[in-house]
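What follows is a single chain, given as structure tokens, in the form predicted on its own.
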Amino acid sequence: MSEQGARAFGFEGTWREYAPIAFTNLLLTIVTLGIYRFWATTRTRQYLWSRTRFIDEHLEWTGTGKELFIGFLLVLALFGLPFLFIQFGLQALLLQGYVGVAFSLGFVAFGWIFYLSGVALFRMLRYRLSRTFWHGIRGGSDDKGWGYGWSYVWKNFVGSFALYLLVPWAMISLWNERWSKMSFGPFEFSATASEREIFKRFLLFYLVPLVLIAGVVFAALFAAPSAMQASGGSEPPASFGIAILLTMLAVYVALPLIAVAFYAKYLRVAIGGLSLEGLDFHFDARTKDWFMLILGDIGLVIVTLGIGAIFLNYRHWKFFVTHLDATGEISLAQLTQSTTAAPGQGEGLADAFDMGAI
């Protein structure tokens, strides 16, 4: 491994070094009416990967903008045009009174899109591992992700049972399934995270809205009439308006904070259950770290009138790598090239569904 006390992962880039890449990407994307964004993504990844150290070697990104562009075109041809036809066809059926047929086709279309969302998540991870090199070795998977797409559908469906209380199980189970089908070189990933570790945090996120709703209902049905009768007025007292205001602030402030706290716990548990041969991965970003990252993002975008958004990918990657670690040992002598099939196209599906970052 590395020297005692040193982290297995490290990021050695600077925003000043990245700035020329970011501004050039922005300019060329504008000039080409958005087409250059595929090559802009590639340039960004090449820089971020090259500045990311894992143990004793920097990562290397070998994907190309052409691959991402071809993936986008394939998705546009295979799925975009048929869905446009379905959309206008459904409107025509509704106008002609075929409500049942339109509803059935709409349900099938929604299910198909949801299924493809799962496939997109799987193939995005597969593609990125296949284009990430370390010591000249890459990752990947021979699984195409079609079976995972069905798992994504039924596990999310089951997760909605019992008033969505099985959502943590669905999230962790899908994470474990996705990573357990990946490999790096000759070694296969193992994912053994447990949903029990995140259930309490999810329950907090789950119960707070119910408590807020109950408070509003109580105030509307009992507190307000009593206060109005006591004051002898025909209008609600100021205290009732303050109560409503505080409730709205709780909804728009407390709930997002709880959501961040849940996601922070989820990612620590999920990555903490991930291992590769003799390596165990860890992620130590806590709620306050995510909160500061989000505040920094908002402040950067506001102060720069939106231009600072071009640095968000840099900030997010640096944040992730800085909090990522691994313990254990891996034998470089046993590290041989992956025999998994490398996909020929980029993340077309994931790009179409706006999934993932960087």
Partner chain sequence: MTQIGPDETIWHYDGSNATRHHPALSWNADGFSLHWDGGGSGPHRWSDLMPMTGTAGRSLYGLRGVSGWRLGFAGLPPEAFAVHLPLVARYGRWIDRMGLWRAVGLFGVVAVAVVFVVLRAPQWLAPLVPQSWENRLGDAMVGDFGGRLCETPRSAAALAKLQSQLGKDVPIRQIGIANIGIVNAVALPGGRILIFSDLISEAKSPDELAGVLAHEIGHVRHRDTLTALVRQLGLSVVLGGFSGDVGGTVNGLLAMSYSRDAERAADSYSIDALRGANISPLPTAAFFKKLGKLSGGDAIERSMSWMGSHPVSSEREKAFTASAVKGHAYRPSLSPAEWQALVNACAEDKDVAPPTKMLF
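Quick caveat, the model's predicted, so the values are computed rather than measured. Residue numbers count along the first chain shown, from 1.
One more form of this protein should be noted, the form predicted together with its partner chain, which is absent from this view; the next part is about it.
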Check your understanding: Wondering, does Gly34 line up within 4.5 Å of its partner chain in the predicted complex on heavy atoms?
Key -> yes
Point to revise | Contact of Leu27 with its partner chain in the predicted complex (heavy atom, 4.5 Å) | key: yes
Review point. Would Lys144 count as touching its partner chain in the predicted complex under a 4.5 Å heavy atom rule?
Key: no
Exercise for review: Give a yes or no for Arg138: in the predicted complex, does one of its heavy atoms lie within 4.5 Å of a heavy atom belonging to its partner chain?
Suggested key: yes
**Study point:** Heavy atom within 4.5 Å of its partner chain in the predicted complex - the one residue of Phe72, Phe202, Tyr148, Phe189 that qualifies
**Key:** Phe72
Revision key, fill the gap. Counting only non-hydrogen atoms, the one stretch of 308 to 316, 293 to 301, 321 to 329, 54 to 62 within 4.5 angstroms of its partner chain in the predicted complex is 54 to 62
Exercise for review: Spell it out for me: taking its partner chain in the predicted complex, does every residue among Arg43, Phe133 and Gln337 have a heavy atom no farther than 4.5 Å from it?
Suggested key: yes
